[in-house]
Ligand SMILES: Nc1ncnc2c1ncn2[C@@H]1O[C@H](COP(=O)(O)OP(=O)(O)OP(=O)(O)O)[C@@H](O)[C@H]1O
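One chain follows as structure tokens, the form predicted alone.
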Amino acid sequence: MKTIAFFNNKGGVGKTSLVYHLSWMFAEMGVNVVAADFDPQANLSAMFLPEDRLEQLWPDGEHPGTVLGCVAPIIRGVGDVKEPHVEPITDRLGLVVGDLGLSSFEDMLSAAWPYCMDRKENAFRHTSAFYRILLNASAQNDAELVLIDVGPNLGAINRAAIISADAVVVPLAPDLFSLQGLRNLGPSLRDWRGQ
């Protein structure tokens, strides 16, 4: 399994669109793909799924069919990640459905990070939750490739998603903000990997 995260701390540069179109392209080329929506805005899920299906996956209360449902036991302090539901898109393409409620995991991930430096096992379990979800989703779908969509910020959710990836693609717009953002992004990614 190869994992690639698509990230920029500037919105509107095409991260979600790239994940969506590349997922389809690779699947049509015969590659088994899982697309993972780790952006709390869940735009990738909205691109893949009709609204009536999203309503089923986002009912009032629990959301067991989304990434939030996978990390809910960690958030509640009652267990570890649950086996992810991978929404079938085609025979070769599956989706780990995003969830607007995923932002509730941000503070917990942020608090766990310094304890990882102290080698606290529980903190590693929190920080590696996305990686373990991806491993399980990949195994379920016999996926060779996992494409990860994350939001436009340098927060703890994105850090956990990005460190679970083998590579990071940084889509850029031809503007000054993107250039400055790239100057900030490189050192942050190096620091996260090093830590």
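The first residue of the sequence shown is number 1, and the count goes up from there. Since the model is a prediction, treat every value here as computed from it, not as a measurement.
The next section is about a form of this same protein that is not shown, the form predicted together with this ligand.
The closest heavy atom approach of residue 41 to this ligand in the predicted bound form falls within 4.5 Å.
In the predicted bound form, this ligand sits within 4.5 Å of a heavy atom of residue 16. Proximity of residue 186 to this ligand in the predicted bound form: non-hydrogen atoms within 4.5 Å are absent; the residue sits far from the partner. By the criterion of a heavy atom within 4.5 Å, residue 69 is excluded from the residues contacting this ligand in the predicted bound form.
Here the chain stands alone, but in the predicted bound form its contact with this ligand, taken as any heavy atom within 4.5 Å, falls in 33 to 41 among 139 to 147, 33 to 41, 126 to 134, 52 to 60.
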